[in-house]
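Take a look at this one chain, the form predicted alone, written out in structure tokens.
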């Protein structure tokens, strides 16, 4: 306590440099704590369960060259061939691919002829193999039978009578838990679509959207929008990708084949999130390094300016520990002041991010953890210069006198 008065006096004489370090610590705390919350939210978003076998799935499409191309016959021949290939676990055809960023959605109701208060959901047209091909988990009911699969052309007016939905959609539309066997309706329509099955999860084509996880699957094959979804046996994805692409080209050379893995499509969809995680991580590391560098620089500067005073104290009997403690306590006062300012700034900054950019709220525990971490960094950065100060001898400090 006897050291506190001379420390405060010294800080007052160097108030500008001390204030700059304190403000730097406060600004760093405000930015780092909010950055860590965003990093955690984006990382959790990317790594959450998708409901499909991402690592094992390939997708294939084609552009037919002849104008009178019989797509439905091509679908049948292609899928029969693909399912017989070695390494293929299952294959289906769908109008859209989950996690791809391209899809369709519609509003659904529990009563006919309604147009207000819809539950929005992604919808897919698929064949009877879709649950196995996507690697989804059927938790209730059944999938589709071959007899239920419709062929839907550009002018077709046929509508599905049954559907499989995701658990999230079932829970939101039928909170009493009685979705299976009940009907859903499209907006303004009185045509019932019976729910015959429920799958555990499918994030849909837009995992970051509010409707992610709400999905409806129809038993239909469309000739306008289609993609083959092929699930390989574990560890066989890349071999199956190459084999299927070759066999599709061999079976019918009058088309251009395109292929991709579902993992690549997922990575492409989350590219923005991954970039943000990397950039913010780099910002956190850089700011922490700059703070440490600033503390080291300021402490070294002050020690250089006070060599005579340190030598006098050493001559009067001050121990090395007392000298080191003096500079560490001085740094602690600066760091604590900056962290208190940063604590308030972090909450204000987060309030702005929440209101303007819909970012997650900043828990006080995260701010406190960041504050303690920065306090530790600050003290660690000051430790080496403080130990250096303790080694200054009276003779060296007073040599110029």
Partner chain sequence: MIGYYLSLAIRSLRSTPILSSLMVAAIAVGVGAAMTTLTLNYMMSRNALAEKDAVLYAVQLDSWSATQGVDNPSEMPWQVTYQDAVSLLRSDIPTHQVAMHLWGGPISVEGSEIRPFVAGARVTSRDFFALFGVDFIYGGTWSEEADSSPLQQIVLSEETNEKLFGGENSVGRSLNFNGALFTVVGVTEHWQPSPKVHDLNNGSFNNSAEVFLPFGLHRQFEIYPWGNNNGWKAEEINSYEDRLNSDVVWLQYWVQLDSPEQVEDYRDFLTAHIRGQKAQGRFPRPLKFGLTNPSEWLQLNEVVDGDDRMLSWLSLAFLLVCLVNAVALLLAKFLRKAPEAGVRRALGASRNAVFSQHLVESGCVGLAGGLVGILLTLGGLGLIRQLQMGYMDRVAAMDWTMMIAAIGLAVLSSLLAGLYPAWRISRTNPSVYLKTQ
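All of these numbers come straight from a predicted model, not from anything done at the bench. Numbering follows the first chain given and starts at 1.
Note that the form predicted in complex with its partner chain isn't included here; everything after this is about it.
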With a 4.5 Å heavy atom cut-off to its partner chain in the predicted complex, the contacting stretch among 187-195, 317-325, 74-82, 127-135 is 187-195
Residue 359: touches its partner chain in the predicted complex, heavy atom cutoff 4.5 angstroms:
yes
For residue 276, is any heavy atom within 4.5 Å of its partner chain in the predicted complex, or not?
yes
Give a yes or no for residue 387: in the predicted complex, does one of its heavy atoms lie within 4.5 Å of a heavy atom belonging to its partner chain?
no
Would residue 53 count as touching its partner chain in the predicted complex under a 4.5 Å heavy atom rule?
no
Taking its partner chain in the predicted complex as the reference, which of 240, 216, 248, 291 has a non-hydrogen atom within 4.5 Å?
291
Sequence-ordered list of residues in 260-299 near its partner chain in the predicted complex, where near means a heavy atom within 4.5 Å
264, 267, 268, 271, 272, 274, 275, 276, 278, 279, 280, 283, 286, 287, 290, 291, 293, 294, 297, 298
